[in-house]
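We begin with a single chain expressed as structure tokens, specifically the form predicted alone.
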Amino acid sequence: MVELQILLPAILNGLTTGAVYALIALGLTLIYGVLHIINFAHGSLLMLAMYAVFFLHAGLGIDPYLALPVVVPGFFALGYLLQRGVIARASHGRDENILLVTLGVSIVIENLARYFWRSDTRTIETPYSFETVDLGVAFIAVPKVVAFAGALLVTLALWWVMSRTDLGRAIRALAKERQGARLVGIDVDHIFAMSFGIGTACVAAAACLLLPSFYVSPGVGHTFVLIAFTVVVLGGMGSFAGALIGGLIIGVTESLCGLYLGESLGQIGIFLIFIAILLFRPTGLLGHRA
């Protein structure tokens, strides 16, 4: 039996990790909710954002958290241009083509990263990398606490945009009825690109929060995108609240499985949850049937 002094830190660590999973999944579920497609380039864009944060720190000495105002708008613009200039043009309006185009974009980005930066694993060191915060019941690493708070703030900001702004109303209208949104004067192509840009900005924010405590390599996106897909399915496709709750559940599950089964088997519980959700509640926790 694991003692409470060990169990509580594992749960808290799982929550801090799960918040970042949720942030990555938010971008994925936003793109699905509006475009109704799975973005296979999501993990590659996360990897690209992590490299951007790494080189800003290595070349200019910019702290990963201070890189947020640079990286997030930059990747929003990249996502907007990628959807408007490549995905929309190459897909010719067919959803199945979009899947193939995003898969192709992912392959191109990943192989270019291997060509320019090799397959070496890179990390950064900051003055707070090994500092901890005493929460009374456990000591948690400062980067994990900041990542948890940052992920919640970005989630709240996205919720505010979606519920309180004209852009958010247009996105929700387009997600409900594409043709109806077009008939009332919404620029559908622009909103598609904005949604893709916001989803890409979410992974850029996650990259800034991750890098002080994680590594970057050309294949790092696969580590997170499979978990992000699981979070989206668990929470419910297109549900922001579901993505947040699902991310926290997955983070705690991974941490507890690592505690009981060993670090190398920590992700078994994640995929067991994924299979169970598909079998017994395919709409997810907060999802609805179409």
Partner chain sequence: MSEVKRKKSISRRAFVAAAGGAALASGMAGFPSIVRAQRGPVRVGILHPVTGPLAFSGNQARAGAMMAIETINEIGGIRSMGGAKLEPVLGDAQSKPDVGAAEVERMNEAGVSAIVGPFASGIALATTQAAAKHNIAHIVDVGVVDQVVTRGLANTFRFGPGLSKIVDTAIENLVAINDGAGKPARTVMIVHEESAFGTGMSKVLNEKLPGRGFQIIETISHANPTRDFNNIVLKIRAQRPDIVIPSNYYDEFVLFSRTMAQQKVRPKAIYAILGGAASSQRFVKEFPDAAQYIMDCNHWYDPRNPVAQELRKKVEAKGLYFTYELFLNHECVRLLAEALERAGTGDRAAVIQALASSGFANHFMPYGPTRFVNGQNQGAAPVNTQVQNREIQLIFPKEFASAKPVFPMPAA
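Keep in mind it's a predicted model, so treat the numbers as computed, not measured. Residue numbers count along the first chain shown, from 1.
Beyond what is shown, the protein has a form predicted in complex with the partner chain; the following relates to that form.
Residue contact with the partner chain in the predicted complex: residue 164 places no heavy atom within 4.5 Å of it.
The closest non-hydrogen atom of residue 155 lies beyond 4.5 Å of the partner chain in the predicted complex. In the predicted complex, the partner chain lies farther than 4.5 Å from every heavy atom of residue 190. Residue contact with the partner chain in the predicted complex: residue 215 places a heavy atom within 4.5 Å of it. Contact annotation: the partner chain lies within 4.5 Å of heavy atoms from the stretch 111 to 119 in the predicted complex, the single such stretch among 111 to 119, 67 to 75, 191 to 199, 156 to 164. Residue-level contacts in the predicted complex: of 248, 34, 227, 53, one residue has a heavy atom within 4.5 Å of the partner chain, and it is 227. Along 120 to 135, a non-hydrogen atom within 4.5 Å of the partner chain in the predicted complex is carried by 120, 121, 122, 123, 124, 125, 129, 130, 132, in order along the sequence.
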